[in-house]
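Given as structure tokens, the chain that follows is alone and in the form predicted alone.
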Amino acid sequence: MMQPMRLRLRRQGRASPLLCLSAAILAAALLPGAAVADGVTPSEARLLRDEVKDMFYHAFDGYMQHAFPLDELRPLSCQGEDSLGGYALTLIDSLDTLALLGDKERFAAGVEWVGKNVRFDINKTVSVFETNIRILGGLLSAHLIASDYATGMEIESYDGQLLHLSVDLAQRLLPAFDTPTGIPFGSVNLLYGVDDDESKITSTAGGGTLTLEFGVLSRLTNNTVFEQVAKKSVRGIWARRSKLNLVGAHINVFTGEWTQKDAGIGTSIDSFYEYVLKAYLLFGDEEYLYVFQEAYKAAMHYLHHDPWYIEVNMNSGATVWPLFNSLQAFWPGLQVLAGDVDPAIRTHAAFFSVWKKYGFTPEGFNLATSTVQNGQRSYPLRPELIESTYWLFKATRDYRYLDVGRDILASLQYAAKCPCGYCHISDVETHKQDDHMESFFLAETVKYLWLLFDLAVGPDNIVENGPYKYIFSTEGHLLPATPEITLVDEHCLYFGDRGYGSGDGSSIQQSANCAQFDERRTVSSQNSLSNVLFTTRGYIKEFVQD
């Protein structure tokens, strides 16, 4: 095992050994025009966009024909399986992608079916995290599109059925938040609440990835309880950060003790960073801005070995895991939203060099040996690298990122396509297929690929040309910055009290540490969303660039 080393040594002038790792493949990826083929032309981008659309319908139609109304498709055997709760997960997760593609007929049919047939009063114990991002997020996004004529996808017969389902579902998740720390249990039974034998250990991402969906639901219903419990959970995590402003991977929701103290930007932590920034962008709440600024600064100081990121002990900063894991690939896209584009470009190139080496990104790539990490050889159709590619192209208009998109699309078409959909890759070196297709393939992976190429040919979709700016949830769901969602009467400002938000878990009250909404300092409408200074390195301009 590698001996721990402290990042601060590199910053005092000593060369880091990690800078030399994977040098050959990284150098190739960083060279201008280093794509395998010639650069993508605008006419080719149009063809690629259409190919991605065909990819979506191959998988979506396969699900509807062979798996619906079960949760997910088994694309090799052309069968279905219930993987989350047994309520047509893939359909709900795909609704806003149908709307994005302009498929009003199937979008309307899907919304109608869900409104009439999905119920949550069932004896199922489900993941709070997955149910929130996939089901609640999917319902809210589809509701906001279907109920608004300005989107061009309004359904005349729609009467708020998905919003009613959202409220019912969120209320069934609320018992998970009844903990001394305010951080929710990882799972909850939709009919009976938290099981007696439920684990008290949850991930940082599990407790920190609720603010967007729960916040939007509160704004739409004028019921503040959802937003309050989500904020209290973030406070509960942040109040227990280390002196280095790092958070660990797993925490006891009763004692607040960290049970896994490895800090990183990937597995079990990733969307904590994502949601504190995006909650600020969507709601204008400066408490989230403060948390993001401090957490991001610490991540860049202790975790960043340019262009890679490693895992360190949250208390000492000592390296514990020199590993690239595939969930880290969202980070360059988040950096674009934060206006920190230069390091995003370098890190994206490093991550893509791993893709080019194997045709996919494995779940784990060992930076010390430049090999696939044992036990982490699969690629489950994850979207994160594609997501960052989209944001970097949006920021830079560098056609190199279209070349990246083309290479990713070619890999999926060549090695992952199977009879009824697209298969997990169980081993990135052998490209052996696995009979599974997660719903996020249609909610995120295909969505970001399509947006990438559509942006190149002159976008014609609600994200780029619609009436609102949109924030993407961690599941890729579209949450619009409408006046109803972004404008509020109060925002709570966080002034750095390390004990703040760590009180008892039985009462849910608005903090007394609140200030009237200040339009001069926070986001107040979709028009000002593009002009908010929130880091020392940059600011958003029309969500990066028109």
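Note that residue numbering follows the sequence shown and begins at 1. Every value quoted in this text rests on a predicted model; they were computed, and no experiment measured them.
Missing here is the form predicted in complex with 1-deoxymannojirimycin (DMJ); even so, the following discussion is about that form.
The contact with 1-deoxymannojirimycin (DMJ) in the predicted complex, taken as any heavy atom within 4.5 Å, belongs to E384 out of E287, E384, E72, D454. A heavy atom within 4.5 Å of 1-deoxymannojirimycin (DMJ) in the predicted complex is found for exactly one of F440, Y273, W308, F185: F440. When 1-deoxymannojirimycin (DMJ) is considered in the predicted complex, S388 lies well away from it, no heavy atom lying within 4.5 Å. Among heavy atoms of T474, some come within 4.5 Å of 1-deoxymannojirimycin (DMJ) in the predicted complex.
Shown alone here, L449 lies farther than 4.5 Å from 1-deoxymannojirimycin (DMJ) in the predicted complex, counting heavy atoms only. Proximity of E130 to 1-deoxymannojirimycin (DMJ) in the predicted complex: non-hydrogen atoms within 4.5 Å are present. Residues of just one listed stretch (315 to 323, 375 to 383, 227 to 235, 79 to 87) have heavy atoms within 4.5 Å of 1-deoxymannojirimycin (DMJ) in the predicted complex: 375 to 383.
Along 185 to 209, no residue reaches a heavy atom to within 4.5 Å of 1-deoxymannojirimycin (DMJ) in the predicted complex.
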